[in-house]
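Heads up, the chain below is alone and in the form predicted on its own; it's given as structure tokens.
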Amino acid sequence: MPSLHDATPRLRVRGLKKAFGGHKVLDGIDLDVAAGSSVVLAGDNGSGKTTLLRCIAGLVAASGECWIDGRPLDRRPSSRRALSYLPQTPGLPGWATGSELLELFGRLRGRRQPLVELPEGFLPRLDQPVAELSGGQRQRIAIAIALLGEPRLLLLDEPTANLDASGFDALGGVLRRATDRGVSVVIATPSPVELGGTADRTARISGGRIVPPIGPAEGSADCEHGHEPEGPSSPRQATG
């Protein structure tokens, strides 16, 4: 087990394995994420990105080990409060208003305000039932819910799904403010370039494993390619 006196990463994953019906989805995942850093977890649809996040979050049983700040992640409430997980398709009840959901989850997480300030206009009208909101507006509320409490680790599964350009830009600023406060962020996406300006590193997953090397975030100033890729840079829609 890692020592707290070493350069302990915020998140450490070792030998994580998961199979469904005999099909190996994760086949020995090793991943370290430092405190206050952000990693884009890139891979094709079906590569295991979502399964990895769900295993770390404790929503799916798997073999292997996960630590946060040198302590094993388990099902204890004190352990789970250290992280926050945003699923790819948040199941927000349509009958509830945004304010009701933020109040409810704020009570559950012991803090009714997001851990970082959200840009003005980021949230839609909070007195409307969720069923009356667009997909992008629902996603903004889900992001705000994920930021409640005092998580040290954010696990975000395709957080840009359905966001328009302004929401996409605002999310980048929110995540940078979170890492400035020492929060670590892992973002799963099939399109790593779109988040290159936000993340520090890109880790690619293929064949159930992290493919070395883990390099600078694609699209960032430190990317070894040294240039922005051709093609549109607007946020994509969720691809499932």
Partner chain sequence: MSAIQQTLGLAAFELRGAARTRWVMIGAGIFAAAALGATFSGLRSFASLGLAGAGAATDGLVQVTLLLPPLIGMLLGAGSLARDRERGLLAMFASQPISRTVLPMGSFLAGLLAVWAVVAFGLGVGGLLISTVATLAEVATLAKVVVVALAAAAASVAIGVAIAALAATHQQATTAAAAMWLLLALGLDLLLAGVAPGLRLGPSGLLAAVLVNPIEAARVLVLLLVEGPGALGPFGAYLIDRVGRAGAVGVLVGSLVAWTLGPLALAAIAIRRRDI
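Residue numbers count along the first chain shown, from 1. Please read all numbers here as calculations on a predicted model, not as lab measurements.
The following text describes the form predicted together with the partner chain, which does not appear among the structures shown.
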Although the partner isn't part of this model, could you tell me whether E100 comes within 4.5 Å of the partner chain in the model of the complex, counting any heavy atom of the residue? yes
With a cut-off of 4.5 Å between heavy atoms, is L108 one of the residues that contacts the partner chain in the model of the complex? yes
When the contact criterion is heavy atoms within 4.5 Å, does L59 count as touching the partner chain in the model of the complex? yes
Using the partner position in the model of the complex, report whether R10 sits within 4.5 Å of the partner chain, counting heavy atoms only. no
For the three residues P87, W95 and I145, verify that every one has a non-hydrogen atom within 4.5 Å of the partner chain in the model of the complex; reply yes or no. yes
Taking the partner as it appears in the model of the complex, which of 23-31, 177-185, 59-67, 40-48 has residues with heavy atoms within 4.5 Å of the partner chain? 59-67
